[in-house]
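Below you'll find only one chain, the form predicted alone, shown as C-alpha cells.
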Amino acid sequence: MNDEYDAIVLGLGGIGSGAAFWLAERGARVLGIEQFELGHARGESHDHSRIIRLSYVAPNYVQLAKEAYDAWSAVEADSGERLVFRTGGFDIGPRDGAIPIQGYADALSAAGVPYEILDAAEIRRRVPAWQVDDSIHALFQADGGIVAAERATAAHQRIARSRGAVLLEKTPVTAIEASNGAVNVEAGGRRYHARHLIVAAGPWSGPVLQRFGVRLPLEVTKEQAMYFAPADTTAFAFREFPVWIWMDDPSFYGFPVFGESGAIKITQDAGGRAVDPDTRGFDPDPAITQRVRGFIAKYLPSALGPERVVKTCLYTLTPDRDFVIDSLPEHPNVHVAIGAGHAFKFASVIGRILSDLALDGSTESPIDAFTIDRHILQMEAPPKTYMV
C-alpha cells in the first residue's frame, strides 16, 4: 500500500462506498477510510432495505432519482447481483395531510413519469390490507421499490477493491490538512496524501468539516427500523405488497416481506431524538414504538404482530432536509455529501457525482440546490422542515 492517491474518501457507508466504486471504476487511485468495521451498524447505511422511488416533490429530485436507477443498474451489471427490486410504491395519506400529494404528481408530470392517483376504494381493492376511509388517497408509481442496502454497499466495496481501491476499516482519522491543492490525512498511524478529499462521514460530518472552519446546523437523530411478525404474511408478500410512505405528520413508511423471514418493516420517518453519534445508545425508543404500533393498528391492522427485530440507526439532518453535495468554497478539492436522512436510494449516483467533482471539476447532474453555502445553512438557528 502506498501513501499517494488521487482521492481519499472519508467514511465507507452507502455514499462513501459509492464514491470509492465510481472513482475506482474511472481508473483513479482511491483510498477509502472507515473508522469502524465495514458494514457496521453505528451509522445510517445498514439493514436489509431502503425505499427507492421516482416520486419526489421537486423536479430536481425526480431527475436525480432517474439517474439513481441508472447508477444502480451499472453496479448490478458490474457485480452480477440484483440490488434493486421494483414492487410499485404508494405515497398515501389524508387528502388534507401535511405532505400534499399534488406536488409530487406535478413534479412527476413535469418529468414525464407516469403515475396514478387512487381514491380509497381503489386502494382497498388493490391492497386489501389497507383499512382506509374516503378521506385517504394515494399516488401509485410503478417503479417504486427496494434497494438491498447492505448488499449494495458491500457490492460497491467489493468492486472498488477489484478495481484497485484500498479500503481501510477500523482506522480513525487523527489529522487532516488541505493546502496548495493537496490533502494530507493521518489515520491508523500513517500519513496519506491525495489531490482530492471526499467527505462522506454521515453523522460525523460536522466534526470533519469543522477541521476546515465549516460549521453547519446539522442535527443527528436516533431512528429505528421495526420488523413486525403478523399472524399471516400472505397479504404482505414480496412483489404483492408495494412499498409505501404515509404523507402526513408524523410520516411513516413500510415494505413487504424482505430480508427478515416472516416479518415486515414499518417505522416512522424522522421521529427520533437528537443524539451525539459517539455516545448514543442502541435501545429502542418507546415513543417511536408506540406511535408506529398505533398507526399500524389503525390503518394496517393485519400487519400488527410482535416485534421480531428492532434496529437503531442515525439520520444526519439538514434543516431543510435537502442534501449537501458540493465542494468547499475555500478548499475546492474537498468534496462533501450529506444525505439528510433520505439518501440511500441515491447512494450510487451521489458517489458518481462526487467522482465527477473530483476528476472533472463539475457534474451535469442537478445538484444546484444542494450547495454547502446556501442561506439556510448559514443561519445560526434555522427553521427545521423535515418532511420529504
Ligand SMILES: Cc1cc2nc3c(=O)[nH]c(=O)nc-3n(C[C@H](O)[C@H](O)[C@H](O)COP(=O)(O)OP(=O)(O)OC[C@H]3O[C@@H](n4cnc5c(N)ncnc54)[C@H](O)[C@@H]3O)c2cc1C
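Residue numbers run from 1 along the displayed sequence. Please read these numbers as outputs of a predicted model, since none were measured by experiment.
Keep in mind that the form predicted together with the named molecule is missing from the display, and what follows is about it.
Which one, 189-197, 311-319, 84-92, 117-125, holds residues whose non-hydrogen atoms are within 4.5 Å of the named molecule in the model of the complex? Among the candidates, contact is made by 311-319.
Is residue 342 close enough to the named molecule in the model of the complex to count, meaning some heavy atom within 4.5 Å? Close contact exists here: in the model of the complex, residue 342 approaches the named molecule to within 4.5 Å, heavy atoms only.
Look up in the model of the complex whether residue 45 has a non-hydrogen atom within 4.5 angstroms of the named molecule, and give yes or no. Yes - in the model of the complex, heavy atoms of residue 45 and the named molecule come within 4.5 Å of each other.
Tell me, yes or no, whether residue 256 is in contact with the named molecule in the model of the complex, where a contact means a heavy atom of each within 4.5 Å. Because no heavy atom of residue 256 falls inside 4.5 Å of the named molecule in the model of the complex, the answer is no.
Just to confirm, residue 141 within 4.5 Å of the named molecule in the model of the complex by heavy atoms? The answer is no: residue 141 has no heavy atom within 4.5 Å of the named molecule.
Give me the residue from 233, 171, 251, 79 that has a heavy atom within 4.5 Å of the named molecule in the model of the complex. Flagged contact: 171.
Heavy atom within 4.5 Å of the named molecule in the model of the complex: which of 183, 208, 216, 129 fits that? Just give me the one. So the residue touching the named molecule in the model of the complex, by this definition, is 208.
Heavy atom contacts to the named molecule in the model of the complex at 4.5 Å, residues of 32-69 in sequence order: Sequence-ordered list: 33, 34, 35, 36, 40, 43, 44, 45, 50, 51.
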